[in-house]
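Here's a solo chain for you in structure tokens, the form predicted alone.
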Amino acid sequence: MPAITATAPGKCILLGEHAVVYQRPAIAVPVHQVQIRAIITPIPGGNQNDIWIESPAIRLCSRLHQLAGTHPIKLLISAIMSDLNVDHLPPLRLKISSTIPAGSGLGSSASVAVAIIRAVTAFMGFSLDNSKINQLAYQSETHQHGNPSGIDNTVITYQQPIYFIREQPFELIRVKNSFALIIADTGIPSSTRDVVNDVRCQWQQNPTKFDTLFTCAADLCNQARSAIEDGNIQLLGDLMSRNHTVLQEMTVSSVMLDHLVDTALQAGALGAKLSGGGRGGNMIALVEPDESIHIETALKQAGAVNIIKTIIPANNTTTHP
């Protein structure tokens, strides 16, 4: 049996993080410059269910049965087997490699899940559609993050810009004019679960304030969708920056994120904001392509530990997947 390889990209949220947990819309795009790669190779002569898991990025090297019962990879493989209606796997080695920094807001956990699902099912001779892959990846995300919106696994599964409202069918976004993003890593890891839980506690203590913030974020997101579909990139940048102000009010920004946002704007970015859970992770800036090198240099000098540039290409995608 030959080796099987599957990959999944990273992602970033353009607008709407945190509010999306509360049934408000968000927009997310795939980031193909980083990815998770899952490679499965058979173990000749091995015993049934003799499964080795290797993930150098998290210093994991273990047999599957030796992992804790609550380990996300163990739970995910169990869910895959249940969905495929198989009671065992042939002996195999699963190696997971990553160029997505963990805790950076680029969707590493959802990307790991999607890559593993695709690799394991292909190795077993099955072909799942994107809807089923997305469902299994969301199950995995709930184990890791407690109360995820589902946006990460969805944009990573479908690998196209999406407009997403929790518990509603998502829509693919038509991009009239391509646009460029710079993603700057603060180098500060952040737990999505912890930040989401903290926002929930604040919302419970002051629902009027936070419902107003969530609704404001929703309005900005809806305007941003129209801007993308109309090709109004200048407006999109302004809306992103205004969304950052709302996220500051939610207390999910940080000194370093604010510093990078200010640096990007002063260097000529059309808009900038944190992306993802916040309090660390990444800032994103919307830039004119011919200004990107200047802005990248400024961000590095301001302390960004890594810079990724990605282009969201124009497309004629219909609004339904």
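Residue positions are given as counts along the sequence shown, with the first one as 1. A quick note: this is a predicted structure, and the numbers were derived from the prediction, not measured.
Quick note: we don't show the form predicted together with a small molecule, though the next part is all about it.
- Taking the partner from the other structure, the small molecule in the predicted bound form has a heavy atom within 4.5 Å of a heavy atom of T192.
- Residue contact with the small molecule in the predicted bound form: G277 places a heavy atom within 4.5 Å of it.
- The small molecule in the predicted bound form comes within 4.5 Å of no heavy atom belonging to R24.
- Although the partner is absent here, P101 is not a contact residue: none of its heavy atoms lies within 4.5 angstroms of the small molecule in the predicted bound form.
- The contact with the small molecule in the predicted bound form, taken as any heavy atom within 4.5 Å, belongs to I151 out of A115, I151, I173, I80.
- The candidate stretches are 55-63, 287-295, 269-277, 35-43, and the one lying within 4.5 Å of the small molecule in the predicted bound form by heavy atoms is 269-277.
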